[in-house]
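One chain comes next, on its own, written as structure tokens: the form predicted alone.
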């Protein structure tokens, strides 16, 4: 159960004091009856609540967003966290737009890595995306300090055993560019269905190759929006969100 003023403040993204003013002013109705008590207890998990609750004559269902799902193009130097005492976080980049949302990254990228970060305040959704049993693929463009070799590609496909003896699940490593004169032999596209700390760097390290740059371009079936500059973000579309919810194939990479 939750106080009405707190629920409204969260739902509308307004200060609690403003929420109380709306209630006290008779601008809030519950089930068609004006409610002027800010401490009225409501069940925030009731699926009919947003339709039954009206603010200034408009059903909350038309304005209330229970959860937020954002696609963010993470720049270098930003950390994948909600808060950090020293560095700018991915959540900091969107905090002004969602000041009362406890957004967090569903999956991580290293501080030096870039690309698709999914931010949300839906813990159940994040768990599903990251659960090993879901096998939600993550795809990356990786710039190596040495050319990609057939040995590396075959090793990734078979499952690399890291230097510490940890066996990785099979993955895909292929040239990012099409064959031809313009192909960069040091640029690889890597697809993972697993999430281990510094996994890609450690996998290539087995073959003596270093990673100069890493950019996540895809999570499951959803590709990074090419229109998003580093640091820019947008909400996921309904179609993108539905696609991510479908059972398919990785956890964080």
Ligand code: URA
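Positions refer to the first chain, counted from 1. All figures in this text were calculated on a predicted structure; none of them were measured in a lab.
If you look for the form predicted together with this ligand, you will not find it shown, but the lines that follow are about it.
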{"property": "Selected contact from 27, 66, 37, 201, since only one has a non-hydrogen atom within 4.5 angstroms of this ligand in the predicted complex", "result": "201"}
{"property": "Partner proximity in the predicted complex: residue 214 to this ligand, non-hydrogen atom cutoff 4.5 Å", "result": "yes"}
{"property": "Residue 110, heavy atom within 4.5 angstroms of this ligand in the predicted complex", "result": "yes"}
{"property": "Contact label in the predicted complex: residue 156 to this ligand, heavy atom within 4.5 Å", "result": "no"}
{"property": "Contact label in the predicted complex: residue 116 to this ligand, heavy atom within 4.5 Å", "result": "no"}
{"property": "Stretch in contact, per heavy atom within 4.5 angstroms of this ligand in the predicted complex, of 193-201, 220-228, 51-59, 38-46", "result": "193-201"}
